[in-house]
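So here's one chain in two forms, each on its own in structure tokens, numbered structure 1 and structure 2.
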Structure 1
């Protein structure tokens, strides 16, 4: 079969795959090449091992189906590194997502410190922030940043060994090592690396033996100046049933938080995700999606996938009307991210007091009650700790915040007027549009 004919067939296969599987369609499919197409076998060349693993894990069945539909024959499909270019070194068992690079990460006020710290660590592992601990709610980009560090380590590697895995995988491997009587092999596998990256480390909670093992692994790596990077859904001190000695060590380096992205950052994320899928969407459509989805980047991706699937099926151009029709009924209104600042603004406006008064040591009823209401609402409407709430209101300690919450909670139950005030303030805070 002539080379030109093979390339045309492969181009048709890629177009068909995008129709069959819009969720996994990517612009970088254009970088895939044909290694061979003969004897009922299609070999596809990929730029690196991360791409190979992504395609094998997520796309193989749809590539096979597309190849058989286009050629009209039974065809087996496989993916291998092979583009004629030198590919980055990879380590066995290191599974990375090809989208999760620094170039594809959108930086905004909510994640700037986390991004900068990961870039710094990738440039000088073991020397800058060690350990590096990133926390935040699900779907905000923690895994993306962790894998971006791994990609950069691969690119710059001069023989260093990096290992990335979820905490659940770490625990399961530890359990299997005990069952098989191969604990020494497990320890050698994790205590001899140059960089250890563990995602969702909160999975260690209530696993005493796993915590013991991780404690010693941490010590060995840290004492040898090896880089440790961790992520979790909470700061170290807020992970339930985590031993104090681990909390202490996790706090040795830099602990940084990722917050839900602002509206402007969400628009940029939508455009970035669209570009990765080879889509061209207007700022108007990106803005529409960003207004519909507030807190979770995965939901932004899901909205794009739905729009792409509808456009591909109908053959229509992607415009605002199509986007609205595609997403109608699918996107639930997102609960807006509420900050202590939002609460203070509403409360000070309602009671006509100044922030400086709330943060002062004044104890008059006209100041004390709004201050305590701020504490009560912050405790109930945000995920901030008692210390953080007290810190926003003049550096009060956690016992003061607890006292305020108890007092306002009791007043809400016994005083209909307080109940009405709290309901009105809560409604104002939760329904204020988020830009």
Structure 2
């Protein structure tokens, strides 16, 4: 039997395929089961050879598309006669993302050490760094690296048992084992493995009994030279209310940090993720996304997904314009620093006026309006004071700026045209690539 989780994912994929291809749904999709979903491949079990042939010939691309949408990963699909019952029993909870391999991990200065230590451990588990402890903020690739070690270790495995699970999962299993009076079963699941990988151990905080259990598991494995790999959002000593004896053990091996990626690494990651989805993306667009999203690779990927989704639904090619409009509203304006000069540049361009005019004493409508709009936008998009804003626009005092902000603010609510102009300008200003 496939695990509950895989079955749930497959049910979602089937639902998606049914919406993509309603005509074939009734006749062909009802009796399908999942054979496996791992290592980037989805095996689908069909009742007979005719179904296999029909689905291979007519439905493969819809299944592939649905599988990618649901899992968020590149998945290749194949059909075979069979039911999920025949698939080898996988350890419940072992869930490796098909994309989380070393091949798909972009190495840069921010993660070089963490990557190298994971590779080293995957070559010879138990003999290099033990335990290996990787920490860093959310979305920087900890889970990816941990799973890459599992993939690699599994590939080389000669029957060795590798367990990967989130710390939350560990804690929940422990609690269930206690409830069911099956602590021995729980313990043997973890104390007999060759490699134990536990993700997000900060989850142990304030869970005293789980910490105690984990401590003993750790000791048994360590004393038998079994590999232990852990990740957390902070270094061992900074995890609140973690027992001293655990902190010290976590520090026995190698502790490495992952930092936020540099611009160049972000560009390479965007390219890599696009490539995985079979997209080719220009350097210009990769650079655009990398400039928009700084601190979190998950968000970087999210931006790409959004762009891809818009391109798929509109059927348009991915160009800079599409990328910009797809990400509109997705990203906080604070993601980049906006200066008054940026604002003035966009506004003078839009209204075809000169900066000198905005700074002059001229009071014709064609000049005052753009001038007031500059003040309004500067007030809303920058942290400059009223005085500073007035200073940039011909040395006007703060009451003039307040007046302008009120006037434009009111016009924005009462006049749809003004509303549209302001949105358009704001979009242009917040999306101008940073120099």
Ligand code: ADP
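The term rigid core refers to the maximal set of C-alpha atoms that superpose within 1.5 Å between the two forms. Numbering follows the first chain given and starts at 1. This is a predicted model, so every value here is computed, not measured.
Q: Does structure 1 or structure 2 depict the form predicted alone?
A: Only structure 1 fits here, because that chain is the form predicted alone.
Q: Using a rigid core alignment, state whether the CA of residue 259 is displaced by 2 Å or more between structure 1 and structure 2.
A: The answer is no; the displacement is under 2 Å.
Q: When the two forms are laid on each other by their rigid core, does residue 248 show a Cα shift of 2 Å or more between structure 1 and structure 2?
A: No, the C-alpha position differs by under 2 Å between structure 1 and structure 2.
Q: Does residue 348 move its CA by 2 angstroms or more between structure 1 and structure 2 when the core is aligned?
A: Shift of 2 Å or more: yes.
Q: Taking the rigid core as the frame, how far in Å does the Cα of residue 16 move between structure 1 and structure 2?
A: With the cores aligned, its C-alpha sits 9.3 Å away.
Q: Could you tell me the distance the CA of residue 63 travels between structure 1 and structure 2 after a rigid core superposition, in angstrom?
A: Its alpha carbon moves by 3.9 Å.
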